[in-house]
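Encoded as structure tokens, the following chain is the form predicted alone, with no partner shown.
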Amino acid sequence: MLHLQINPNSGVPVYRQVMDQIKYYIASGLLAAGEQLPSIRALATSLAVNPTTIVKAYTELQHAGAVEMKQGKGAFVAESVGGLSEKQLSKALQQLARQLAVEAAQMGATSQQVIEAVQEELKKVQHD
């Protein structure tokens, strides 16, 4: 089960947030080649976004070679998809860490609170 979350205050378009999260699930191995993604309607409903937003995300993922669209069956992780390179992973994690650090600082959270929250969420995601 995918745990996608949308942050309307991030400044990143929603379709891009969806794309990035799906890419991370694929790169981490939590989504395997050939595995079906949620239907457009189901994902749009669960995220409370317009279905065209999900269509755009899936289309962009298809153009990137990460997703294959099968007429009448849905979206699937591409068979030939490769994970992120070490450099790409490092850059993506750095961007996420920066965003988290800025938002945590704005809320007045301590470093220890942030670390504990991240560790707790990682445990949840990795055990689902």
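Because the structure is predicted, anything quoted here is derived from the model rather than measured. So that there is no doubt, residue numbering starts at 1 and follows the sequence shown. Here the rigid core means the biggest group of C-alpha atoms that line up within 1.5 Å when the two forms are laid on top of each other.
Only in words, not in the display: the form predicted in complex with another copy of the chain, which the text now covers.
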Of 45 to 53, 31 to 39, 98 to 106, 68 to 76, the segment with heavy atoms within 4.5 Å of another copy of the chain in the predicted bound form is residues 98 to 106
- Item | Heavy atom of residue 126 within 4.5 Å of another copy of the chain in the predicted bound form | yes
Q) Taking the shortest heavy atom distance, is residue 111 within 4.5 Å of another copy of the chain in the predicted bound form? A) yes
Quiz item: With a 4.5 Å heavy atom cut-off, would you call residue 15 a contact of another copy of the chain in the predicted bound form?
Solution: no
Q) in the predicted bound form, does residue 119 have a heavy atom within 4.5 Å of another copy of the chain? A) yes
message = Superposed on the rigid core, does the Cα of residue 12 end up 2 angstroms or more away between the shown form and the other one?
response = no
### Query
Is it true that residue 113 shifts between the shown form and the other one by 2 Å or more at the Cα, once the core is aligned?
yes
Per the comparison in the predicted bound form, the residue 114 and residue 27 C-alpha atoms (change 3 Å or more) are positioned closer
Per the comparison in the predicted bound form, the residue 121 and residue 28 C-alpha atoms (change 3 Å or more) are positioned closer
